[in-house]
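Let's start with one chain on its own, the form predicted on its own, as structure tokens.
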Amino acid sequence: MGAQANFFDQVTQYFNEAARFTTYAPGLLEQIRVCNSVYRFDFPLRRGDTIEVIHAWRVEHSHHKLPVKGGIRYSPDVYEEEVMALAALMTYKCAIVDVPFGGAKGGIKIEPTHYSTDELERITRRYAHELTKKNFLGPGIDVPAPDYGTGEREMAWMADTYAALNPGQLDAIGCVTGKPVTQGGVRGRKEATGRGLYFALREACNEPDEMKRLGLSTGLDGKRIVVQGLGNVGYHAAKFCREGGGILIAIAEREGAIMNLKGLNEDEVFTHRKATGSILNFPGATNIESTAAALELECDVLLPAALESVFTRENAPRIKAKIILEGANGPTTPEADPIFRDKGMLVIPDIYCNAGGVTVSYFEWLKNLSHVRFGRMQKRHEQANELAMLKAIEDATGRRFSDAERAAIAKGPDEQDLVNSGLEETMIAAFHDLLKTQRETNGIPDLRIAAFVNAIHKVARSYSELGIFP
């Protein structure tokens, strides 16, 4: 457990600091802060001639909206307070981006690489079975998603188990999100968190006052970026930020880090790691002795996309980035935040900027409940309208569009286009809400506290509308 054991306390510290900027009754604030349900259970797994006991959790932090929503992580370091903290962050995250879910989280204390595919399937199906028995799983109750150590495969196993236990339930496939597209998933979900991080960074870099304060030019072009973690979130965030004009000068992983001031390509680094088992010794790059050293490189943007508690009182004074884009959950401790503020850094907080995953999970859930693919009914209609407009332009101007131009302009939106558009709108609107709260509420020190204030307001409003609190 070690240094991570106070993660829920850290989230509570941020909550309490934000609560000072509200006027809600102590009882209402306490109801918003606490976890409504904490379910811890153990079950046996036969491995050859031995029995291993598997430890698991599901935490439902807030029932102010149903279903509750949150990922499931498989990690040997999972512990109860961590799952509670992540569930709380999910509540606030959903509120900030106006996704109508309560927050939840799950965890199983295993190192997934130490288990066979068959064993992982048995663990996952038993977990889903246990949750279903206790009414902790269902499309209108509690809807898990992938997290650290899990992915589409595990979600497909969970959905199949739930459907088998609930024969004939029309909406059963909506009991989890993050599924393969062929099993009811939505296009764009896998890369959603990374794409959301790109949208968040792009919006911040387009704020002229913030960039002037940081001594940076407006826009993402040329910004030097260091990424910690080349998993799903880090890889896609690196990809979209590089394609948007950023320069990846360093990438850090468990085994160490690499640097090239002229720029790295995340896809080439990923392929190298897959072939060699390490990002080290990547052609054209310089090895850095440790991940910790990479975090202290001089750069414009530092993107932590691994686990929590990366920035502490000890290393915060040595961080030279001007912008921190929090891809991971809880990478900055409450002791590090004041140091970053004193240095004038811009921290784009996790409970806003990594909300792309839950936003697109919401779209997947809606797709499952509606039983129709996004774009199926309107794509051809919109394409016909666009072609008619092009013809009108041609008739009016005498200009003739090439076949390639016509295909690019008048293609009609498909599912991924609509998902990406919805995600972009969500991230842009939420960012400007945070800026407005910070600028218009006297004393709010940074975007993180502004985000918590917005979340508290929205959850409190839900309770008020339910008549539970005045």
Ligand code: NAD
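Don't overthink the numbering: it's just position in the shown sequence, from 1. As the structure is a computational prediction, the values presented were derived from the model and not from experiment.
One more form of this protein exists, namely the form predicted together with the named molecule; it is left out here, but the text below deals with it.
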Problem set entry | Triplet Gly149, Ala252 and Asn329 all within 4.5 Å of the named molecule in the model of the complex via a heavy atom | yes
Exercise. Though only this chain appears here, would Arg242 touch the named molecule in the model of the complex if you measure heavy atom gaps against 4.5 Å?
Worked result: no
Problem set entry | the named molecule contact in the model of the complex: Thr193, any heavy atom under 4.5 Å | yes
Exercise. Is there a heavy atom of Asn354 lying 4.5 Å or less from a heavy atom of the named molecule in the model of the complex?
Worked result: yes
Exercise. Can any non-hydrogen atom of Gly103 be found within 4.5 angstroms of the named molecule in the model of the complex?
Worked result: no
Problem set entry | Contact residue in the model of the complex, from Arg187, Lys367, Arg73, Arg224 (heavy atom within 4.5 Å of the named molecule) | Arg73
Problem set entry | Listed residue that, although the named molecule is not shown, lies within 4.5 Å of it in the model of the complex (heavy atoms), from Thr291, Thr132, Thr124, Thr161 | Thr291
For this session: Within 4.5 Å of the named molecule in the model of the complex, counting heavy atoms only, one of 227-235, 313-321, 124-132, 200-208 shows up; tell me which.
Result: 227-235
Exercise. Hey, which residues along 299-328 are within 4.5 angstroms of the named molecule in the model of the complex, non-hydrogen atoms only?
Worked result: Ala305, Ala306, Leu307, Gly327, Ala328
